[in-house]
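Take a look at this single chain in structure tokens; it is the form predicted on its own.
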């Protein structure tokens, strides 16, 4: 490794035991991936909810906080597993709530902004083209690399936190030009009328070309993506394909030079029929619905507004529960715009600071008897099977119709 004087001081312990511990960890990671130097980062994003870290991770963070660990660059926290205001209503166990009440304050002592969001790029910090960051959360990373042209790998919990503490990360993977080139070309000849369609696209391409180092470039003939559409594509392609980057011709900042200097694995064309076939495979009509969830990723203000408009003047079926998740910034704006009242009157619940799949959904399934779940999130449909649910993927308006009628139509 080619180390700077500052980095040598950290490794040698001259900058204190916390920085020595942090950069030593990062050095091992760098050597594993074959990196020969570090790059400075301007921002870190930490995945550290109690449901994932449990008591062992909590003790690890406690040790760092007690040793005086402080982040050097702005560092944000990803979605957590508890909305304290709704924990009782959702019958979450006390250990999750108590764990979160301990983790949050410790992270704040270290200088971490506990905004508890996976859509920080929409509400907190938007890196520029070429900016090196160290982010956790797969959909967040895919969005940063693809839509913003920032540079980051999937950083695990300790790695992203240590990047915030040292202000640097290993120069491998998507920090380097050669890995950011496309090796799959996909023309999409479909209208893409709903956010769920973009998640379906991520499902199709992610499954077909699964692999961290594969980078598709999309060419659309009948659609123009919005930021929320690209958000759903990023979350889905990361979930189904473990991909960390894609390009969209004429839209994303590095798309013009996406194909070049790398062998193309395959060129494919996806049609409207390909999109519709996925919906047909993702659940049959006339099935009874237990739960409708809008999460993974968290909802933007425009998404909350769309759902509120679709529910306005209607009432959720008495046998169906409807859940949306977002962050505190969007929730505050939604309340000011009167959207929260619309959701509440209809019978829907808006959770703050979490993504629902992090909230121990298997335990909720047992507590409430939930089984069949309808969602417009392809990512959630992929994840939630492991928790014992039967997911049905549908477009947003169809999800609302299911919530009101009690059946998939």
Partner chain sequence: MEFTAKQATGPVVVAPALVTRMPFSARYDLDRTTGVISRNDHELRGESIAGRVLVTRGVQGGVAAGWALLALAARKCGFAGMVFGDTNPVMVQGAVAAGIPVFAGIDPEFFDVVRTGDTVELDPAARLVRIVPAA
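Positions refer to the first chain, counted from 1. Computed from a predicted structure; not experimentally measured.
The form predicted in complex with its partner chain exists for this protein as well; it is not shown, and the discussion that follows is about that form.
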> Does each of 143, 191 and 409 have at least one heavy atom within 4.5 Å of its partner chain in the predicted complex?
Replying inline: no
> Out of the stretches listed (65-73, 36-44, 375-383, 340-348), which one is close to its partner chain in the predicted complex, meaning heavy atoms within 4.5 Å?
Replying inline: 375-383
> Looking in the predicted complex, any heavy atom of residue 210 within 4.5 Å of its partner chain?
Replying inline: yes
>> Does any part of residue 48 reach within 4.5 Å of its partner chain in the predicted complex? Heavy atoms only, please.
In response: yes
>> I'd like to know whether residue 369 contacts its partner chain in the predicted complex, with contact meaning heavy atoms within 4.5 angstroms.
In response: no
>> Within 4.5 Å, heavy atoms only: does residue 364 come near its partner chain in the predicted complex?
In response: no
>> Can you pick out, from 197, 83, 155, 100, the residue that has a heavy atom within 4.5 Å of its partner chain in the predicted complex?
In response: 155
> Which residues within 21-54 place at least one heavy atom within 4.5 Å of its partner chain in the predicted complex?
Replying inline: 25, 28, 29, 32, 33, 46, 47, 48, 51, 52, 53, 54
